[in-house]
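As structure tokens, one chain now follows by itself in the form predicted on its own.
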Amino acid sequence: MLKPKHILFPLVMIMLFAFPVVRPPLFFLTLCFSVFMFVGLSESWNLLGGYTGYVSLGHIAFFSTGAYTTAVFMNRFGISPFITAILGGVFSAVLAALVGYPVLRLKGAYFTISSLLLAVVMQLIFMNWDFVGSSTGLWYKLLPVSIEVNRILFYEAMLIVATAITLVVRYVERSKFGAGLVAIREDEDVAKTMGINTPWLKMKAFILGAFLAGVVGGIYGYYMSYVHPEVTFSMNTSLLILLMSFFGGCRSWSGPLLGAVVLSLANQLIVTFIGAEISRILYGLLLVVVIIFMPDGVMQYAKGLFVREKR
């Protein structure tokens, strides 16, 4: 017997993929693209930050590596952005493999600070590296299509990427791999005594999350047609990823999905009508409120209220 969720998911996906057919204003395609991008980034961050409890502020480094990979390969070799996005994921995974071993040996605030330093150091490297445009950034060679067709193509591409990442994270959560990551979050020392290879599991989650973030960055970079270290390495984006995951609840795959959708829409409204500077203050206050009053996220908080009401 089919359950409602088995019908709802295909129906929603069909509606999303068919949305450009009704020819909506380009603003709505851009807004949806942003939502899909943050879904992909939040879900990929959750592999390590949510399931193991290793809160990272350096996830933006992998996203930016993917964006710059697309720019370099497109401009110098003329390779399609839909191919170079995968290469961006590969380069991001290689970066994660190189820095993962020393960084993942740290715990708690030490790991968080070291991940932030990774993003800062990578930004400085890209800011002073002539091969990638240094402080002037890189412009992309645009596809020979109209703006409307370009927006539709990248809307569909980012929707596919976000859906694939969400399904991958959902699969990991329900697998033996995901159970090991959760065991690390609950008590890493106990997990070790149970025979779980915790360093290897953390490394796998770190590399997989970096690969997925790199793919998202590859699509995003070409969509924006310009990349610059101050834009792609923005701390505002890092805080948004963190806030979205914690807001929805980073103990499950559905939490970051909810957080990304709700806060992406809220972010657009806040930036449009209030301003980017005020939005950063509001994000910080909201993050503090969520951590203090809803540490497990909105979804778990709502479930708790429902259970108490039922009793």
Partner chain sequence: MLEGIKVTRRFGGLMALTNLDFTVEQGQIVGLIGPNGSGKTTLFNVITGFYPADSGKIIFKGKEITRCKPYEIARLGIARTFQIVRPLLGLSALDNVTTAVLYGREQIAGMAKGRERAAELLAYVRLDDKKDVPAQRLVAAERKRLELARALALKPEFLLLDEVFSGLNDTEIQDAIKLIFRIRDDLGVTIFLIEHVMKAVMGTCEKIFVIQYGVKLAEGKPEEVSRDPAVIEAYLGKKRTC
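The structure presented is a predicted model; accordingly, all values stated were derived computationally and were not measured. Residue numbers count along the first chain shown, from 1.
FYI, the form predicted in complex with the partner chain isn't displayed, but the following is about it.
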Given that the partner chain is left out here, which of Asn236, Ser135, Asn75, Asn197 has a heavy atom within 4.5 Å of it in the predicted complex? Asn197
Have a look at Val121, Ile160, Val145, Ala179 for me and say which one sits with a heavy atom within 4.5 Å of the partner chain in the predicted complex. Ala179
Check Ser80, Ile83 and Val90: does every one of them have a heavy atom within 4.5 Å of the partner chain in the predicted complex? no
Exactly one listed stretch (108-116, 220-228, 182-190, 150-158) reaches within 4.5 angstroms of the partner chain in the predicted complex by non-hydrogen atoms, and it is 182-190
With a cut-off of 4.5 Å between heavy atoms, is Ser175 one of the residues that contacts the partner chain in the predicted complex? yes
Considering only heavy atoms, tell me if Val103 and the partner chain come within 4.5 Å of each other in the predicted complex. no
Contact of Leu208 with the partner chain in the predicted complex (heavy atom, 4.5 Å): no
With the partner left out here, check for me: in the predicted complex, does some heavy atom of Leu240 sit within 4.5 Å of the partner chain? no
